[in-house]
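Shown next as structure tokens: one chain only, the form predicted on its own.
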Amino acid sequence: MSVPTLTFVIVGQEDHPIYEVDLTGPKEQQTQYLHQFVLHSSLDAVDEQMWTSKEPHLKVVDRFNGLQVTAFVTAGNTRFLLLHDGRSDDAIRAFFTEVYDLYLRVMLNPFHTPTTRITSREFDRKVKLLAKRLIG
């Protein structure tokens, strides 16, 4: 039986990750690197689609070996990317919307900039709870 895949990353305006989490638990290092590579490689596809869509939720923007990358773009061009093995689009949309709310709360902190990594344990805990509740 294969291990489910669910990796989430927030990529800043300058194409560097500001938050990363593997939502299905720890994986071997090689698998983590592959997931990071797939997500980073999909940024070009996200950039192409974000200019042709009026919606922040871009749905599936890229595929790799049975895995899908779904994207969400904020008004400030921060990208939320989720690597998964075929989850419900409605559940992913709800997850992105809830995480966007959390992200905005972090951005409202005057000591946080859009390029600063998000290291808050509370943010991390809430993202994991949302993932478990919404996309399982």
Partner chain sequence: MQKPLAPSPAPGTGPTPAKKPTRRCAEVCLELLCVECVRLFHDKQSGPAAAAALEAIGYRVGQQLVERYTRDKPLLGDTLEIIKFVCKDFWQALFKKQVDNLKTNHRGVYVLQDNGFRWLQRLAGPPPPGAGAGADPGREEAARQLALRYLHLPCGLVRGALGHLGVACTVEADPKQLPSCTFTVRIT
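Numbering follows the first chain given and starts at 1. As the structure is a prediction and not an experimental result, all values here were calculated from the model.
Keep in mind that the form predicted together with its partner chain is not shown, yet the notes after this line are about it.
**Q** Does its partner chain get within 4.5 angstroms of any non-hydrogen atom of residue 100 in the model of the complex?
**A** It does: once its partner chain is placed as it appears in the model of the complex, residue 100 has a heavy atom within 4.5 Å of it.
**Q** Is residue 86 close to its partner chain in the model of the complex, meaning a heavy atom pair under 4.5 Å apart or at it?
**A** Residue 86: no contact with its partner chain in the model of the complex.
**Q** Can you tell me whether residue 31 touches its partner chain? I mean in the model of the complex, with a 4.5 angstroms heavy atom cut-off.
**A** Output for residue 31 is no: heavy atoms all beyond 4.5 Å of its partner chain.
**Q** So in the model of the complex, is its partner chain close enough to residue 17 to count as touching (4.5 Å, heavy atoms)?
**A** Close contact is absent here: in the model of the complex, residue 17 is far from its partner chain, nothing within 4.5 Å, heavy atoms only.
**Q** Want to guess which of 34 to 42, 100 to 108, 86 to 94, 62 to 70 is within 4.5 Å of its partner chain in the model of the complex, heavy atoms only?
**A** Heavy atoms within 4.5 Å of its partner chain in the model of the complex occur in 100 to 108.
**Q** Are there residues in 55 to 70 with a heavy atom within 4.5 Å of its partner chain in the model of the complex, and which are they, in order?
**A** In sequence order, 55, 56 come within 4.5 Å of the partner.
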